[in-house]
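One chain comes next, on its own, written out as structure tokens in the form predicted on its own.
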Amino acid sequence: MRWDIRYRETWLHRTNPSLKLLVMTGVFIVVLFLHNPNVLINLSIGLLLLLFIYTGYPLKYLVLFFLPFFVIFVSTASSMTLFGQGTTTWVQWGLVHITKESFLRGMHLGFRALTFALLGLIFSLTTRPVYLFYSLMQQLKLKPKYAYSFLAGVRLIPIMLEEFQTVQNALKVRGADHGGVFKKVKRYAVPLLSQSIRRAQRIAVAMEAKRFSDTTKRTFYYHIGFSRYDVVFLVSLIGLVVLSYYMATVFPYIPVTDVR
């Protein structure tokens, strides 16, 4: 199973992965303690523009990637809106009780979840795993044994997907793709697990044969550094947060600033 998605490399791809991770983690923490829905709406709009303009992927793929997170946004907001509590009733029908307070809390949770999703989506679409772990080793001094272990695990994911497709096709050819859930799980789990163990063993033997050691100073094939794109990224994210606060104060969508 091969994924051949062509994309245009932008300044987000050239940003240092460690800096990108730290800055986005900082924004994540800030959003975690935000209770003003106006700020969250502005942040979501800004990150949405960043996703669709500067990630460099074709529009159809961006819509496909964004669709599951939009479903999460709708489900999170609607569940709180329909079954929340409040004093100002708008609609009440059976178990459904829509109030002004539940609607505001629903929008608050929905846009918070959407902001988290957009941060993760932008990071994953513009960061190569190899560059990320090399940057973590070089800039944040992550131990190589952990970094290379994660890299090996990431590399095994597409291989396991390809092997799953192979087992599925083999079972269809033999006419053994029917039966209950437990039988199907057993038919897929045993060959996939055995192949994963064999591949993990071969990777371990290969690393040992190459004299991989955590005690000596290592050299790196990729050298990840800092550039002007890191300054652009840092200023952009900080500017987006500040602008979201400012616009929420000057042009609020709703007259409520705290929905706790």
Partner chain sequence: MEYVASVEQLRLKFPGTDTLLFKDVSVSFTKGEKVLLLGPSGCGKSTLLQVLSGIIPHSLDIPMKVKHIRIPTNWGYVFQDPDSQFCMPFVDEEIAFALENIGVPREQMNERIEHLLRAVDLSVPPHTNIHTLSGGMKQRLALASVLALEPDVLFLDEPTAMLDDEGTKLIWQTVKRIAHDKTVIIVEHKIEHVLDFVDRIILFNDAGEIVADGEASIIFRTHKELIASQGIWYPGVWDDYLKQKKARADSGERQEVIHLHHFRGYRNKEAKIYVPTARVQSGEWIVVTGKNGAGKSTFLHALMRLIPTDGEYEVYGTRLEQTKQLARQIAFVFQNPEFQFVTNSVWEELAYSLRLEKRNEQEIATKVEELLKLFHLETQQEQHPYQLSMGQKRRLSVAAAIISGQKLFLLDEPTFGQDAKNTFALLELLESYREQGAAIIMVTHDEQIVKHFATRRWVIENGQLVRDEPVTQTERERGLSREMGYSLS
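What you see is a predicted model, and the numbers here were worked out from it, not measured in a lab. Residue numbers count along the first chain shown, from 1. Only the largest set of C-alpha atoms that superpose within 1.5 Å between the two forms is called the rigid core.
As for the form predicted together with its partner chain, it is not shown, yet the points below apply to it.
- Shown alone, this chain has one stretch from 80-88, 153-161, 103-111, 117-125 that lies within 4.5 Å of its partner chain in the model of the complex by heavy atoms: 153-161.
- None of Val30, Leu49, Met207, Val63 but one reaches within 4.5 angstroms of its partner chain in the model of the complex through a heavy atom, and that residue is Met207.
- Under a 4.5 angstroms non-hydrogen atom cutoff, its partner chain in the model of the complex lacks Arg228 among its neighbouring residues.
- In the model of the complex, its partner chain sits within 4.5 Å of a heavy atom belonging to Ile203.
- In the model of the complex, none of the heavy atoms of Phe73 sits within 4.5 Å of a heavy atom of its partner chain.
- Put simply, Val173 is close to its partner chain in the model of the complex: some heavy atom of it is within 4.5 Å.
- For the three residues Trp11, Thr55 and Tyr146, a heavy atom within 4.5 Å of its partner chain turns up in the model of the complex in no case.
- Using a 4.5 Å cut-off on any heavy atom, the residues of 122-147 that reach its partner chain in the model of the complex are, in sequence order, Arg128, Val130, Tyr134.
- Comparing the forms between the shown form and the other one, the C-alpha position of Lys141 differs by less than 2 angstroms, with the core used for superposition.
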